[in-house]
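Okay, here we've got a single chain as structure tokens, the form predicted alone, with questions on binding and movement later.
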């Protein structure tokens, strides 16, 4: 398998041509991992994957999350428990009404975020595969958190070094006015702590670790901590750090949740179908606990 790598943004994000993700041998998989460490977001065009093949390739990258929160909001689960439907379709493939509960919940994806920071063990990466896309809009924007960190003033780097942040799925959904969670869902997703600055396990580069799920900085007055988090997100999402991906059916985009943020963009028509399927690969542990082990 001959793989051609083309960077699509000056800082990150690359397209890999010549890859059939349903048939990746060991050498090609190593090349994909090398490209992933360098570019952080990879676009694989013209894929033809079954759900089983999507899951099988994803599992080579690590253990997969099983859909829980999305399924509890009605219809987020596909036929396989590892696949989350990022979709405006019901399970019987009808377009959801404008006031549909899951459509309201999914508006939180339009906030800048990183997948699963609200989980005790967050995500290493996500793989989103496009089945149906609207004719206009619906892009996904990605932000390069490594270069955003590199460009911070040295005083700010010293200020944020070692800080811990509380994350919760209910923090991000509250920002869009969504609070329709059962007591069982709230009990199943307690707030967790994550580090604010991460180090890439391969390249050693540092990056900001932010998300709309981030509530406040541990040990700081809440208003002061939230102001700093907002300042950092504003810095990291300047146009020079952002790439917008326009989806085509058959695209699979794989991104590093440890070193990027992303957000979904709205699309114009409520009558057009948008159906993408996502697998989410778990990280090797909670970021605070991993840091403590390293220090020890």
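This one's a predicted model, so the numbers in the text were calculated from it and none came from an experiment. Numbering follows the first chain given and starts at 1.
Keep in mind the form predicted together with a small molecule is missing from the figure; the text below concerns it.
> With the small molecule left out here, work out from 35-43, 22-30, 226-234, 255-263 which stretch has heavy atoms within 4.5 Å of it in the predicted bound form.
That would be 255-263.
> Going by a heavy atom distance of 4.5 Å, is residue 90 a contact of the small molecule in the predicted bound form?
No, residue 90 stays farther than 4.5 Å from the small molecule in the predicted bound form.
> Can residue 15 be called a contact residue for the small molecule in the predicted bound form at 4.5 Å between heavy atoms?
Residue 15: no contact with the small molecule in the predicted bound form.
> Heavy atoms within 4.5 Å of the small molecule in the predicted bound form: does residue 86 have any?
Heavy-atom contact with the small molecule at 4.5 Å: present for residue 86.
> Does any part of residue 128 reach within 4.5 Å of the small molecule in the predicted bound form? Heavy atoms only, please.
So residue 128 counts as contacting the small molecule.
> Considering non-hydrogen atoms and a 4.5 Å limit, which listed residue (147, 168, 109, 185) is close to the small molecule in the predicted bound form?
For this set of options, the contacting one is 109.
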